[in-house]
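Just one chain follows, in the form predicted on its own, and it is written as structure tokens.
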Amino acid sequence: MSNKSHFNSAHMTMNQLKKKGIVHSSAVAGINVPYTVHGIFIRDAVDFLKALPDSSVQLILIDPPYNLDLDIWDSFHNYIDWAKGWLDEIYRVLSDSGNCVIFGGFQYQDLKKGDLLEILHYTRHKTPLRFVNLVIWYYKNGMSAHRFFANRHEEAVWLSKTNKYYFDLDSVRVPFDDATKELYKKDKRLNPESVNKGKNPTNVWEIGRLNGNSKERVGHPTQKPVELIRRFVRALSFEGSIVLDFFAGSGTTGRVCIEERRHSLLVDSDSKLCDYLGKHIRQIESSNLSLPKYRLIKDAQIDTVLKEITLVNRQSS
């Protein structure tokens, strides 16, 4: 059977634009900022979102509780009633080119409802958000099982505000090895420029989970790997834009935003967020890697942080 994407009008339009050297209307040029600003807020997520201005965020990247009863913060009798408090605010605070990524999993067989399937159903039927992709995070290590096939993946839903969402595929392409590159260049059906850039990573990403003694560990029980977060930040936001994580937990999103020259708003109800982010920064410094210039602002008013971001972006070259 032919690939369904071969008959996708939007896909064909993108190919025509590339052939003609025309930039898609969703394209955005990154801003070379002198430093990035990172606001840290120990607050309730919904209260914070309600205080954010309309269309103020480029990327929302969140790893909410999965309702697995890992702790008091991960147990909800009615998960979707809790989740809709923040789901209802996402569309409003995203910019027109904005994206939203929500991590989760499909795990419940009994009457206790509450997983990514419920969130996806709610966003599709109760919000104007657009579904773009389901990304599968595949890993080889995990718990064994005897009454079902052992899980080796989690999911992340990618949503957008409009059909003019920002997406930078080239920033996350996977390079071909030299032998493969030379072989593909002999195929006249393939564009040599695309071959040089590398391959589309597809929507299945093989990135290892963090084991107990991983050097990346900062102490948070559900910490995601840096490279998993980095791929989303690079592909769905641009330099000088604002990334919001209102379940900031381990602080990984903040670390990646500092490294990738994005501003960030990090929100969590647990004050350990500051310590976790500090550990991330010390990890980079101890690896003899230099960080781009950045400023952390803790427990300030939202308007104060947003004003500084605006001033910094105006100073960009």
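Numbering starts at 1 and runs along the sequence shown. For clarity, every value in this text was computed on a predicted model and none was experimentally measured.
Just so you know, the form predicted in complex with a small molecule exists too; it's not on screen, but the next bit is about it.
- Taking non-hydrogen atoms only, residue 82 approaches the small molecule to within 4.5 angstroms in the predicted bound form.
- When the small molecule is considered in the predicted bound form, residue 130 lies well away from it, no heavy atom lying within 4.5 Å.
- Residue contact check for residue 285: none of its heavy atoms lie within 4.5 Å of the small molecule in the predicted bound form.
- When the small molecule is considered in the predicted bound form, residue 222 lines it closely, a heavy atom lying within 4.5 Å.
- When you look in the predicted bound form, the only residue of 246, 232, 238, 165 with a non-hydrogen atom within 4.5 Å of the small molecule is 246.
- Heavy atoms within 4.5 Å of the small molecule in the predicted bound form map, among the stretches 57 to 65, 257 to 265, 32 to 40, 287 to 295, onto 57 to 65 alone.
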